[in-house]
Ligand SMILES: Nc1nc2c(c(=O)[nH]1)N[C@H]1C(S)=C(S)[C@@H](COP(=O)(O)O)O[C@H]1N2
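Given next, in structure tokens, is a single chain: the form predicted alone.
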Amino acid sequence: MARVMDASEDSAAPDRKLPPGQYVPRGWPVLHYGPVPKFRPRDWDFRVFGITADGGQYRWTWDEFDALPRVRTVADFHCVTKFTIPDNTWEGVAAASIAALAPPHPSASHVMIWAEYGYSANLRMSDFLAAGTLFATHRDGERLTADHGHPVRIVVPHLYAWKSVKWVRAVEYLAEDRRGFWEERGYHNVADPWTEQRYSYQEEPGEAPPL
């Protein structure tokens, strides 16, 4: 449920059907675990590590990251707590662009997204490279606010929003799947809102690492 545009294209989006059990709230609720981190541009960096194609690590300062080519994605935002925010215009760096600049090894099947304070969420490589997935810096034409993930959050529109990690600092390429923060605490490993993959007890055999 996402459409990628270049940064000059109009941001209008068609009406969207909500996944099962979802409703549209007033405003955009703020939900996260732990405190809101303080952004210090001089100290901030974005890293890619793990099983990269060349065995190396990659790093961008804030100024370097903020200067990378940008895309816009118009998409709904589905929280596992059952609210959906329709037709958001996200702007940022496509995850596929990061993978092109810091290529994964061919054996990489998953990624772990790392955020401030060691928070994490795992994704299949196919979800990471999907057309709508991006490292967002803006929503609806404005910089993200601190409580919604400034300076950078990953947005994975086709999955429940706990996978759209706030305050991202790194991407780790993985040769095999590994559960992230909420996935270790009983949330579904995949998180597809259209089939209501909310909790780990719903997982099919082979769909996730053991708890």
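One-based numbering along the sequence shown. Note that this is a predicted model, so its numbers are computed, not measured.
As for the form predicted in complex with the ligand, it is not shown, yet the points below apply to it.
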> If we take heavy atoms and a 4.5 Å cut-off, which stretch out of 61 to 69, 47 to 55, 172 to 180, 29 to 37 is in contact with the ligand in the predicted bound form?
Replying inline: 29 to 37
> Is C79 close enough to touch the ligand in the predicted bound form, meaning at least one heavy atom pair within 4.5 Å?
Replying inline: yes
> Might H158 be said to contact the ligand in the predicted bound form, defining contact as any heavy atom within 4.5 Å?
Replying inline: no
> Could you tell me if D147 has a non-hydrogen atom within 4.5 Å of the ligand in the predicted bound form?
Replying inline: yes
> Is A115 close to the ligand in the predicted bound form, meaning a heavy atom pair under 4.5 Å apart or at it?
Replying inline: yes
> Going by heavy atoms, what in 158 to 176 lies within 4.5 angstroms of the ligand in the predicted bound form?
Replying inline: A161, W162, S164, V165, K166, W167
